[in-house]
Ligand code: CIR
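Okay, here we've got a single chain as structure tokens, the form predicted on its own, with questions on binding and movement later.
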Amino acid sequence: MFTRAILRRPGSNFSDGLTTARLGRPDYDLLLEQHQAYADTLIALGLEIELLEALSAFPDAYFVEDVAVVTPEVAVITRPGALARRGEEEAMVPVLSKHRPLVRIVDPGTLDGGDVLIVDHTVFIGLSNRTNAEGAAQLGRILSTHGYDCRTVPVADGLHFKSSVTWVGGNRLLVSQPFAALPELKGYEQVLVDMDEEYASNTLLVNGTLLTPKGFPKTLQKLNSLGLPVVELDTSEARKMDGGLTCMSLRF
């Protein structure tokens, strides 16, 4: 069970961040409304929220999940793969040091938290444009000392591993179709997301409730069949900046 979440308020220059989405210019006021709804939902699910102020020098900094990987035993401060985001992680050091012992990913390793999916004591680490083999190896060595089984997974499609694969409880993974045949996912029941709803692969499990992006009816129907409560949240503005539900909080 999660008891706490760290969020960061989006800055007014958030639309200057990195994106490949080509979905039009995002609306700041609407993003703030959606971010608040996201925070309110986490509070309703029993989490205490720590809301950090915006970092004007880093328009992507509200995607806080990328700068740390937090387990019950340790917080790993990452080294973001995008040069424009280097430095965001430093602002998270004093915040997480209050809650966990800290370990860092160091040069030449790069690691984004969006590439790290923890399913009980199995850790999938996506090898992507943001996370390299050295960063994955460093994280694997850190977490293996705490009893985690770490597996690297190639990310040939999408920004991060969790853009395409997320945990939806039990032995089930929500998986976009390009990732369905990966041997690293063998042994898990797969709930396949239709190609035209691929964005909905980024669904977030919080304390027995599934948070899923609004506007993807086929995926919603599949999630409703799993027997867990499902909450739809509008993430239209974060989506325009390549963001989703998992990346807007650090939960532990």
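Predicted model only: the values in this text are computed from it and were never measured. Residues carry their position along the shown sequence, with the first being 1.
We do not show the form predicted together with ligand CIR, though everything after this point is about it.
- By the 4.5 Å heavy atom rule, the three marked residues 18, 160 and 241 all count as contacting ligand CIR in the predicted complex.
- For the chain shown alone, residue 5 is not a contact residue for ligand CIR in the predicted complex, no non-hydrogen atom being within 4.5 angstroms.
- Taking non-hydrogen atoms only, residue 247 approaches ligand CIR to within 4.5 angstroms in the predicted complex.
- Using a 4.5 Å cutoff between non-hydrogen atoms, residue 126 does not count as a contact of ligand CIR in the predicted complex.
- Among heavy atoms of residue 130, some come within 4.5 Å of ligand CIR in the predicted complex.
- Proximity to ligand CIR in the predicted complex, taken as heavy atoms within 4.5 Å, picks out 60-68 from the listed stretches 208-216, 45-53, 180-188, 60-68.
- Shown without its partner, the chain has 114 as the single residue in segment 102-117 with a non-hydrogen atom within 4.5 angstroms of ligand CIR in the predicted complex.
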